[in-house]
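First, one chain by itself: the form predicted on its own, in structure tokens.
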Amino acid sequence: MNMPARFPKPWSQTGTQPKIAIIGAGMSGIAAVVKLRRAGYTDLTVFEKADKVGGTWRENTYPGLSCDVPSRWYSFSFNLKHDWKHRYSYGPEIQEYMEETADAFGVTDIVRFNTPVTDLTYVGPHWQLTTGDGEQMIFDVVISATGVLHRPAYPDIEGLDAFAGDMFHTARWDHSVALEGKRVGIIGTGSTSAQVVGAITDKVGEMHVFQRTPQWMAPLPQKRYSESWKRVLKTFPFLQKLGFHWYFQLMLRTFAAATVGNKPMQRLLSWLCLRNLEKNVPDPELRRKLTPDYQAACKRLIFCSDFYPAISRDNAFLVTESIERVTPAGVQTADGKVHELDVLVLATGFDPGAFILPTRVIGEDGRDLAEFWDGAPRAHRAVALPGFPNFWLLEGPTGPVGNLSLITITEHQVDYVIAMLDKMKADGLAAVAPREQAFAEYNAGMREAVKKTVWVTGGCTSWYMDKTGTPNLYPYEPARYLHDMLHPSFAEYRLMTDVQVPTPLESAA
């Protein structure tokens, strides 16, 4: 028999610890646990759909995988690492860093692995959480740490399932498939594709790259750190902090500035990209096919030094005719040619509008998050939603994800959430949610300001665009966002002391 669940009074009015659910054990989930504990919030449970921590660095294992943010900055501020192997770290080392951090700070101990969250229902002022096996639990606060890009996007191409060879998405790389001497095709020319092509072209028999739109690429100034330099950093930890802040400020003043309207920096980026193309692609016809017709940084700028030399090899073929269908033998293009392949790799990215979806999230008065977003996800300051009290997003929609280290963004967002929890505790609040008007005004200002950014003025379309054709990104100087995260305005929120507790939902027996 199903028995009614009993919902206690708000934690802030009883002097107890809030029960906090964190969904996702990737970079954001790890940061949330560490910083919440340091702020005195210790009743935490992390739900992770997979069998280990790491998020995107766990999911992606394709050849050549690396980060385009310097290692010294792509680090937790509370766990700076002196012995990074490279200036720009490769995927396996970042995954190792995530696992080591989770273990060292006791995060792994509170993660419920292989436990996806399927439903979240607000029963004021609490949340009822349901897992994939039907278990139901009650929490005071829910923090979504599911990341930005985690649901692979598969192309809608006729005959895709008919391919007779091996086929897989880059986020589901099949390491059992041998590539040596094979005819390999890759659909897509974004950052992932560039890294894969650069890593494997010299090993395969043929590499066929199917390009819909050329990309601007800047050289990646990679460097391997010496053992002596690692010892110096270990001996003088302040140098690690200095490196962290130096790269932080460098990115703010260069690439980040270019995206939000700094014209001189945009011209400099364009010059660097064009020089990189001319220097590394000697064939004028190939160079013409690889030259974009839009402003650099309009799409996510690719930092890669290996792609151009790889695509210039004799065994590499850039295919610019549109794909008509996939056949058992390979890929047929609009000119009627069938490009025969043994392996087909889909470097087609991720669903940029998923965030916590497809988890079903139901807020006040039955508001369904999927319907509320309707293909154009928006949030208040990228962390909160009207009608969804005590529910917080890390790396939510309209954040500065296109021009900053995600770790830096996440840590500031966790600080914002902590400020809200402290406010609830100090004032005995039952629930907190952004006001509808504050949400509407904030996002209206964003829609207007984004028109001046390179994502709109640069003349391209990209995965940044949502259903409305508007870039789902923060359009101001990133430093402004980080400042706002450290100085929340409580006037933008409904601060509720009394929340009528409805008839409890039924829980599983």
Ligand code: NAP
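Counting begins at 1, following the sequence as shown. What you see is a predicted model; the values in this text were computed from it and never measured.
What follows is about the form predicted in complex with this ligand, which we do not show.
Going by heavy atom distances of 4.5 angstroms or less, which of H339, R183, R151, R300 would be at the interface with this ligand in the predicted complex?
Filtering the options by heavy-atom distance leaves R300.
Among T192, T259, S144, S75, which has at least one heavy atom within 4.5 Å of this ligand in the predicted complex?
Contact with this ligand in the predicted complex is made by T192 alone.
Just one stretch in 262-270, 292-300, 114-122, 76-84 has heavy atoms within 4.5 Å of this ligand in the predicted complex, so which one is it?
After filtering at 4.5 Å, what remains is 292-300.
Residue-level question: is Q128 within 4.5 Å of this ligand in the predicted complex, judged on heavy atoms?
No, Q128 sits far enough from this ligand in the predicted complex that none of its heavy atoms falls within 4.5 Å.
Although this ligand is absent from this view, report whether Q413 comes within 4.5 Å of it in the predicted complex, heavy atoms only.
No.
Verify the contact flag for I157: yes if a non-hydrogen atom of it lies within 4.5 Å of a non-hydrogen atom of this ligand in the predicted complex, no if not.
Result yes; I157 sits at the interface with this ligand in the predicted complex.
Please determine whether F350 contacts this ligand in the predicted complex, using a 4.5 Å cut-off between heavy atoms.
Heavy-atom contact with this ligand at 4.5 Å: present for F350.
If you look in the predicted complex, which residues in 454-469 sit within 4.5 Å of this ligand (heavy atoms)?
Only a single residue, W463, comes within 4.5 Å of the partner.
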